[in-house]
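The chain below stands alone and is given in structure tokens; this is the form predicted on its own.
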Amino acid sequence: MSESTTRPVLLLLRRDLRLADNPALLEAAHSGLPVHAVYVWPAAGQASRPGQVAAAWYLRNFTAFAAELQEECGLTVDLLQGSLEEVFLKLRTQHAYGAVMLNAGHDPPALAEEVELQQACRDADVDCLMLPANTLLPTGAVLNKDGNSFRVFTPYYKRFLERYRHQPPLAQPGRMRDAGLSGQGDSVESMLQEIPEAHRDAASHWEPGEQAARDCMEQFIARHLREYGSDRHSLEISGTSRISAWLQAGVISTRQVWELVQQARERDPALADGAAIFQRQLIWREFAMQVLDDNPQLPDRPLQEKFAAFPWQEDKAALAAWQSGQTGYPVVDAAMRQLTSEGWMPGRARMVVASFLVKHLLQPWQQGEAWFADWLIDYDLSCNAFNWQWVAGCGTDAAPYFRIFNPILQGRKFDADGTYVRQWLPELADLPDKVLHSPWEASPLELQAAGISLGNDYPQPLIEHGLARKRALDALSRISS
């Protein structure tokens, strides 16, 4: 047996904090070699660093994962800060590894780090084994008949279904050989202290770990999958799965999520329609990854070039009011306060608040993308940038810019009984339903009975909807002509 086949494996982990369906972990186990497991944590300022709430969430899941890995596999995992290359080079000076194993990423910062790592491994004459990313199909696998990427989702979706052949998730490994090289990592506590308290508090509303992820999916399937087509839009009943938090951190894999839904629809044919709509959302996520792969400028520049000349009216006060949930439109403010409370909001709410920022307030979509990046527990570079461009009307397959949500009607339609607004805006709790989503329409007696003084207890609207709509369409006409 050669020396390289007896040296330990360096297992590098990033967004793959799970025992089951973890290709790199299973490959390391199958090697039969001693394993040194290391969770690579990006330093502040690195392009691969997650936003603040997501960062706190990842670290909490790392703690849960480390305990499970030790208990189930007998493997200790270190936490080291830096890029993949930096961590490898640091450890390489201390230990001789026969191979490096890791799961591939899917966004440009992750891919750039992988290129640097692979070069460092070649220079050190160490094998570098890259296992499949946490996707249903590899990015770039779904192409049109000319061999090019799709720019519109529907044909991409149809081609995806033609290409995809589901494989059951990989098994969890059994006991593994620990290389005995751990104990030199950073502490989770010190990493968490670098994150502002408000962001740590938001992440603390969520239960970390694989079992919590599975429980989340099982509850969603039992309660909402049948009516997912309608329930996912409701703000009153929170009919979305919320699995994106665990999915993005790699606590559960995309393939595991697909499998759970597929099994449910096979057990109960009545779930088929809801399951198909949910699985379509998973494919939308992979479409966003493909668009980012083709357009690395996606988080910063509009894909439709004409929008580079859009006459934004940057207003720090308006942006701050939106960020803090003080716009005067209850459904917008409720969603923004939910975001800073628990790092999440439903998909319908994301569309409403994004449309409001871009079209009512004429603030650049990049400002919203950056705020979401910092506060979303499920922040994903591709999905966040793609969806903001979609709402702003400047991306591929985007909603047209002239589609301007009326936040009053959105509230009345998707929060008809006011449950959502009253939860997040308790100052409006005693308003009658008929004016809950438009408090300025309440009579003086209704305001007095609810204990509300508009402009004091709750703000007046930043801008009247009709005026905002006209202003947005006028701005659009300036670049369209």
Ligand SMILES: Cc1cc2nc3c(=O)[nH]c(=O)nc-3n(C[C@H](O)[C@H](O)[C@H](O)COP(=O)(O)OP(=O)(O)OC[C@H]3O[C@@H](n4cnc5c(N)ncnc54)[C@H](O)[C@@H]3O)c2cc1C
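None of the values given here were measured: they were computed from a predicted structure. Start at 1 and count along the sequence shown; that's the residue number.
This protein has a second form, the form predicted together with this ligand, left out of what is shown; the following refers to that one.
Candidate site formed by Gln248, Met351 and Asn387: every one of these residues places a non-hydrogen atom within 4.5 angstroms of this ligand in the model of the complex. Screening Ser241, Gln290, Gln410, Asn134 for any heavy atom within 4.5 Å of this ligand in the model of the complex leaves a single hit, Ser241. Of the residues given (Gln118, Asn144, Gln281, Gln167), Gln281 alone sits with a heavy atom within 4.5 Å of this ligand in the model of the complex.
Heavy atoms within 4.5 Å of this ligand in the model of the complex belong, among the stretches 80-88, 233-241, 187-195, 307-315, to residues of 233-241. This ligand in the model of the complex comes within 4.5 Å of no heavy atom belonging to Met176. Contact annotation: Asp378 falls within 4.5 Å of this ligand in the model of the complex, judged by heavy atom distances.
Using a 4.5 Å cutoff between non-hydrogen atoms, Tyr228 counts as a contact of this ligand in the model of the complex.
Using a 4.5 angstroms limit between non-hydrogen atoms, Met345 touches this ligand in the model of the complex. Residues are counted as partner-facing when one of their heavy atoms sits within 4.5 Å of this ligand in the model of the complex; in 356-375 only Phe372 qualifies.
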